[in-house]
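What follows is a pair of forms of the same protein chain, given separately as structure tokens and numbered structure 1 and structure 2.
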Structure 1
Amino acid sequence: MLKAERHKYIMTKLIEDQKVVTTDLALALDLSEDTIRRDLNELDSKKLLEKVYGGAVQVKEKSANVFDIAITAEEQKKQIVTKALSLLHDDQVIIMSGGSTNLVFAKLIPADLKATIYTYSLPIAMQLSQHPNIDLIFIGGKMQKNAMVTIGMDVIQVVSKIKADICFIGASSINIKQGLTEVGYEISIVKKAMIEASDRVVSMFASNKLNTKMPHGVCDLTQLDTIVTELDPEDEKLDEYRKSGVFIL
């Protein structure tokens, strides 16, 4: 498909739905998420849409508040992360990856929770900086600007030394055979280090990530303790995942 045709499709979907989601566009057009992100960036530079975490929305006046980050499908993500709040308790050491679902999770963490949270996501660190009782450690390194996360050996070295009770890891894709996979190699390496550093591994994602795959492996299903989606845990779409032994919340 030519770029002009892709752009026309994206703008049509945007008019119909008021928003577009990167992963949905990639699946619908049978293209990589990187290609879709480049298209969205180009359309954003032309002021035809507004690029946000996970996709794009129709152009609107940008907020002057750096803490006010637009998120696609936020209500669905609230439904997902609300389930995972039960996994939090005082005095935990937590690692959080980047991603819009984890950002929504950070917004909903109860104000009375007292915990230590490590993250290499700048938006999540910004959000948690407003929390009254969280001991926040932002892991610095080379900034991947499109995702606003740090990457590289500096990040991996810090993560490898953490003794975390639990980590909340985003998912670009998941399937039975390959487990979690990522579009970017550097992010996949950081997530592997997170898993190694944590006693419990939780992945939260929308059900459209099920039965999809990306080029770079993160972990097998056996390395996941819990997955959380908007679906009912008994939904038939999750049957094979349940049979693999992973707990579904």
Structure 2
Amino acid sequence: MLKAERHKYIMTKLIEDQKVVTTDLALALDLSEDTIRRDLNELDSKKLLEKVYGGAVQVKEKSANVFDIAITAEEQKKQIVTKALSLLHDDQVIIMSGGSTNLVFAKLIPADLKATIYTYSLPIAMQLSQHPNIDLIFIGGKMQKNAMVTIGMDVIQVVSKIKADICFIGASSINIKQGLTEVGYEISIVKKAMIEASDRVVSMFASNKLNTKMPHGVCDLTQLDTIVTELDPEDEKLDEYRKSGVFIL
């Protein structure tokens, strides 16, 4: 694993959990704590986080414009979500989770689509508020900072009352055995509720998420109806997933 990857992992984890612990990272990444400490010191000196005794926390002020949302590998994500556009039809009730892949998806939803969309992600709501024909419902609750999504019981309560035709659910990690898994516990339970509330469950993610795992389970593969990656559906990397019965787009 490259150092740059580690740093990215650490920053992602930091955003999800608001903190990282040196020993946990050393265990998760299979490296000595010394190396993790050096990483944290480096990221600290770049002002990307603040090192504290035992780990690191988020840096206080982000001087960059809050409304500039960086999307990594946007082209790849466009490629993925374009395939999923065929799943959209007029008059559907849709639930969308957060995540940058879903944000790219939101950007590409055709302007003439008439649908009702529920979301609990601020950026996705802002994006969809540009669409003339979409009834947009934001699911309120306590905000998880930096992930820009609402979480908690308020969200679960609202979601569990929705009768949706389809939900689009981001994926932190997916593998054959555990299915979808998430870094954060709170997000994982919201996603569980989304799946319960929807007739059809679609997950979109880049193939590098395949065969990885995170601490908190969301659902197993049998609960997913469709997965979408940038790969050809017949690609051998997807063989095992195809066998599990999930439809691959």
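In this text, the rigid core denotes the largest set of C-alpha atoms whose superposition between the two forms falls within 1.5 Å. For numbering, take structure 1's sequence and count from 1. These numbers come from a predicted model, not from an experiment.
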property: Structure that is the form predicted on its own (1 or 2); result: 1
property: E230 C-alpha relocation of at least 2 Å between structure 1 and structure 2, rigid core basis; result: no
property: Rigid core superposed: R37 CA moves 2 Å or more between structure 1 and structure 2; result: yes
property: Shift of K51 between structure 1 and structure 2 at or above 2 Å (CA, core fit); result: yes
